[in-house]
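Next up: a single chain in structure tokens, the form predicted on its own.
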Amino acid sequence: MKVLITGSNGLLGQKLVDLLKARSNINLIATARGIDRYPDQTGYLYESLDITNAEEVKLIVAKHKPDAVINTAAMTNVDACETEREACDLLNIQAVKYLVEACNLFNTHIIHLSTDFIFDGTHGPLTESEIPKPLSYYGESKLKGEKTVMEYSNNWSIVRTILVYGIVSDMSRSNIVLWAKNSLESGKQINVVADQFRTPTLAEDLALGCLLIAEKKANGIYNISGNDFMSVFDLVYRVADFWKLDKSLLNLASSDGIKQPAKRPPITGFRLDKAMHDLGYIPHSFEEGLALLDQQLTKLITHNS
């Protein structure tokens, strides 16, 4: 099977490269803007690709004719999307249309990443049939991206996920687990919201969910996240607990008290019954995810010293 990934320099992109290049039955083409940032550049092909350029998208898809395209590329900074709406539209809506059109030419299965931020957060955990109602421009753009896939693609899946955490050797962006760990290790007081609830997702689990969808040629919408439902405060508390860090540095906060340009849904979290039943998807527990992260951090420190 030939699989093409967009956004291969990101956290999920690199975890997909880890997973797919190790499979002897998969031919992998990794793509991202600019140079390849993956540390061991063997066992797969790399193409520089700007998905906001329709011609480039068509050329690369026509050149490789992949069986599946996993679109991990997106503008995901929620507050930046609120203020930079044109850039957000280009990457989260327009580029998706270019990918869909190119995939349709070769009946390529497009597997498109989406988010819990398409919901208003009045309740959770949610199933795949929940009615979307975004609160932020980011959420709106991702919902429009989903609709583009559903309306125009002949062969599609949508993967909705939540609060992805993990580490790669070249991290350009942090995530909540690393932020909490690094802040507490440096003795910083941190304000953490207790009124937002999520099911945080280990990046390795999300990569595996995408692979299972590609292998099983499963169409439709799938929730792929962790299975542990918790408040963001509880999440950070569990991070502190795991690494034996000072919990007295944690200050309980409310969403209203933390001024952010974009609104966040208070309660999301996903029910995973469909992914478990259709795909055999079983995520790590949150503590298992932290243990894996700890091993990887130790390896990185050893490797870099």
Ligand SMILES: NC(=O)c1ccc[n+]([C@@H]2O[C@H](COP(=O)([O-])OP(=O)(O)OC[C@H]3O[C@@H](n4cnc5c(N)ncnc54)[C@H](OP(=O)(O)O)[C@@H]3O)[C@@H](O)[C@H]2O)c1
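Model, not experiment: these values are computed from the prediction. The first residue of the sequence shown is number 1, and the count goes up from there.
Below, we refer to the form predicted together with the ligand, which is not included among the displayed structures.
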Leu163, heavy atom within 4.5 angstroms of the ligand in the predicted bound form
yes
Is Leu20 close to the ligand in the predicted bound form, meaning a heavy atom pair under 4.5 Å apart or at it?
no
Just to confirm, Leu113 within 4.5 Å of the ligand in the predicted bound form by heavy atoms?
yes
Answer for Thr76 alone: is it within 4.5 Å of the ligand in the predicted bound form, judged on heavy atom distances?
yes
Heavy atom within 4.5 Å of the ligand in the predicted bound form - the one residue of Lys247, Arg33, Lys58, Lys65 that qualifies:
Arg33
Contact residue in the predicted bound form, from Val239, Ala275, Ile70, Ile51 (heavy atom within 4.5 Å of the ligand):
Ile51
Heavy atoms within 4.5 Å of the ligand in the predicted bound form: which stretch among 101-109, 136-144, 118-126, 178-186?
136-144
Taking only heavy atoms into account, state which residues of 1-26 are within 4.5 Å of the ligand in the predicted bound form, ordered by sequence.
Gly7, Asn9, Gly10, Leu11, Leu12, Gly13
